[in-house]
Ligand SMILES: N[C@@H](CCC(=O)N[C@@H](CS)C(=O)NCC(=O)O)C(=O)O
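This document opens with one chain alone, in structure tokens, the form predicted on its own.
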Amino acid sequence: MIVLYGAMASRAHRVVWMLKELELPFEHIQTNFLDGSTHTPAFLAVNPNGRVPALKDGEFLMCESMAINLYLAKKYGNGLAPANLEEDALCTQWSFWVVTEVEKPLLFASANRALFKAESRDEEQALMAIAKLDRPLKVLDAHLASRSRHPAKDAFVVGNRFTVADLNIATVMDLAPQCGISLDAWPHVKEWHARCLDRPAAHDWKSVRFSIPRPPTPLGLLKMFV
């Protein structure tokens, strides 16, 4: 039996998407970093880091959403799994890439556009964060353009099908449409991302609306977004 710990308004949503893509039954234990439930003794026995998501597959425990999805894809993944060692390396590469290059500025921009309370938002900070997205998203846009047989219509990140690489990148990027951040400057990314989010397994996340408190100090901001 697979057990997932986390809330949809967290990185656990990307594991929910993967589990639904794979049509795997699972128990979802709501564990929210905002209400202290990630620091209970029971949860710390599952993940001593006190972070969500965490996954239990039989007796096997692991954490870190990207690693969880790569594991699930390779164990259960049929078409979502890498087909060979080279695809495995590329799926890992792109999963690391989106976390290191895209997630932090996109989350910071999203917070200042929608996730912080209105009185705590700073549009200047949002624009600065969005500007930092231009370089990595140009890389992804060019990659998708080079792989498309019909411009901006059918490209995938690895191989010729939707894989864990697409899912992992899309689950970082999906804050953009939710928080009013336009992808028009990167048309191949925009079309590819819309196709990803249109998959039935992604639909639960579309309805999630949440907010996060703005930390009172710059150090608090740093801790939130790293």
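Don't overthink the numbering: it's just position in the shown sequence, from 1. Keep in mind the model is a prediction, meaning the values are calculated, not measured.
The same protein has a further form, the form predicted together with this ligand, not shown here; the description that follows concerns it.
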Is residue 52 close enough to this ligand in the model of the complex to count, meaning some heavy atom within 4.5 Å?
yes
is_contact(residue 161, this ligand) in the model of the complex, heavy atom dist at most 4.5 Å
no
May I ask you to state whether residue 64 is within 4.5 Å of this ligand in the model of the complex, using heavy atom distances?
yes
Taking heavy atoms and a 4.5 Å cut-off, does residue 33 contact this ligand in the model of the complex?
yes
Taking a heavy atom within 4.5 Å as contact, would all three of 69, 74 and 171 count as contacting this ligand in the model of the complex?
no
TL;DR on 185-193, 22-30, 162-170, 37-45: the one with heavy atoms within 4.5 Å of this ligand in the model of the complex is 37-45
For the stretch 1-22, which residues lie within 4.5 Å of this ligand in the model of the complex by non-hydrogen atom distance?
10, 11, 14
